[in-house]
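A lone chain, given as structure tokens: the form predicted on its own.
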Amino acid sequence: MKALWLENNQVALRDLPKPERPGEALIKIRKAGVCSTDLELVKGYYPYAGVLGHEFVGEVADAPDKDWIGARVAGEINAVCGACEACRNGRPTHCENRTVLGIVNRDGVFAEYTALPIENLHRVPETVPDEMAVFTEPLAAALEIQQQIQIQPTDRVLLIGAGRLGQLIAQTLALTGCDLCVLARHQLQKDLLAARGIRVISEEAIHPRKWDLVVEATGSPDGFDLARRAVRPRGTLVMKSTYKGDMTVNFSSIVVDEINIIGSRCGPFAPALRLLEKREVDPTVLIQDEFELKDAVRAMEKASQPGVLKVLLNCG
């Protein structure tokens, strides 16, 4: 099969055997999405060599449970052992022995096929097209914020960053009825937010120590610094970014202001699929380009350009 391979900060299309993992489902990939994590892996933020990609919709080609064959699915990215302390205590996404699709010790989905345990799979409703279903994983990640924090309609919420994930976070936060403002840099980002009635704010208009909840989704130290200045004493700062290398942080001010800092990554797939089925969010407005798998290197180059939102791969 064809697959996009990452090694030593270089990506190239390779011919590889179909994945064979005993006891797991073999999935034929239909569409896959390029996300910021994929681009950061190329830059070297985490030492990974293998097939990239973790956002996908596909069709089960083979599985130990034959009832799954032919099902159209999205898949959770953490494959867990079920036996370690984290798994036994209800924290499977922090499994001590986990592999992570396209990120840690498990080949990803920028390929014709991938493999995942059946327990990772979620059936995609018939009314949800592939162009929407491919966003299930990042939409779930956006919803994780609401799994971690109860957001009130009276909360003043600031989202810093309106890129691929930031747009989905904005759409899901808007459903809570909170007093939401979003800092966006590029005109397309601003236009998409405005089209959904979501207020865009300039950096100059962000008053320090005002906001009950600040979500940082830029992936940049400057974004974190702005978020830290914006959050009020005893407010909450949600980190949706991964950063390459170390950052310098004034933790004394965080202690004095009693700031709650919450890391947030993977989220619930079932609610994400329900939102897509009910059309309460529309991720398809983020799609800027699509490439065939044979042109995956060009797709990565396009996705890395400033201001570009979602680039999709047609894999089968």
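The numbering used is simple: start at 1 and walk along the sequence shown. Bear in mind that the values here come from a model prediction, so they are computed numbers and not experimental data.
Although it is not shown, the form predicted together with another copy of the chain is what the next lines describe.
Proximity to another copy of the chain in the predicted bound form, defined as a heavy atom within 4.5 Å, holds among 105, 242, 202, 127 only for 242. Proximity to another copy of the chain in the predicted bound form, taken as a non-hydrogen atom within 4.5 angstroms, holds for one residue of 49, 69, 249, 270, which is 249.
Comparing 109-117, 92-100, 192-200, 177-185 against another copy of the chain in the predicted bound form, the single stretch with non-hydrogen atoms within 4.5 angstroms of it is 92-100. In the predicted bound form, none of the heavy atoms of residue 65 sits within 4.5 Å of a heavy atom of another copy of the chain.
At the 4.5 Å threshold, heavy atoms of residue 82 stay clear of another copy of the chain in the predicted bound form, well away from it. The closest heavy atom approach of residue 284 to another copy of the chain in the predicted bound form falls outside 4.5 Å.
Proximity of residue 254 to another copy of the chain in the predicted bound form: non-hydrogen atoms within 4.5 Å are present.
Applying a 4.5 Å heavy atom cutoff to another copy of the chain in the predicted bound form picks out 210, 224, 232, 233, 234 from 202-234, in order along the sequence.
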